[in-house]
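In structure tokens, one chain follows: the form predicted alone.
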Amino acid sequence: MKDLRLHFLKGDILAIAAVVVLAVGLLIFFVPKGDTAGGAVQVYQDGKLLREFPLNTDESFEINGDYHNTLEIRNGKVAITHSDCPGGDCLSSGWIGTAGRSIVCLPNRVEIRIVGKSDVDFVVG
């Protein structure tokens, strides 16, 4: 009966290791990381720009009006982490980090926008 086991030579193992290293390098280089380098967070209240923050900073900002919102920016994402407005829909928006996305608190008339290069190539319709 024939021996059907695979036998690797030293060159085979080196070739496999080189392919694995190349694949990992390409994944690291080409996997989208979001647009945190050029992105910004804009905070509007009553349609007026209150503040703008770079998306790549860790920051906390209090928004006062009829109600109180706490905005946090961490790890290239933004969220409203505290709100005393009725309903609390702005809290359920969670963390966003892509250009073109926004969080809205209607009772406090607040809109949080992420601006920068969008991941969307085109729009149909």
Partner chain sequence: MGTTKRLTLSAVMIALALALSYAERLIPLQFVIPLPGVKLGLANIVTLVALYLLGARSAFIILCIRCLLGSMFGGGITGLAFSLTGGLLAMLTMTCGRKCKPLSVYGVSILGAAAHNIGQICAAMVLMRSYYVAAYLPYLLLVGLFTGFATAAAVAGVLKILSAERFGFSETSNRTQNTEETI
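By rigid core we mean the largest C-alpha set that fits within 1.5 Å across both forms. Numbering follows the first chain given and starts at 1. Every value quoted in this text rests on a predicted model; they were computed, and no experiment measured them.
The following text describes the form predicted in complex with the partner chain, which does not appear among the structures shown.
- Looking at residue 46, you'd find a heavy atom of it within 4.5 angstroms of the partner chain in the model of the complex.
- The closest non-hydrogen atom of residue 92 lies within 4.5 Å of the partner chain in the model of the complex.
- In the model of the complex, at least one heavy atom of residue 100 sits within 4.5 Å of a heavy atom of the partner chain.
- Shown here without the partner chain, the chain has 7, 8, 9, 11, 12, 15, 16, 19, 20, 22, 23, 26, 27, 30 in 7 to 30 lying with a heavy atom within 4.5 Å of that partner in the model of the complex.
- After superposing the rigid core, the Cα of residue 23 is displaced by 2 Å or more between the shown form and the other one.
- Comparing the forms between the shown form and the other one, the C-alpha position of residue 106 differs by less than 2 angstroms, with the core used for superposition.
- Look at residue 98 and residue 23: in the model of the complex their Cα atoms come 3 Å or more closer than in this form.
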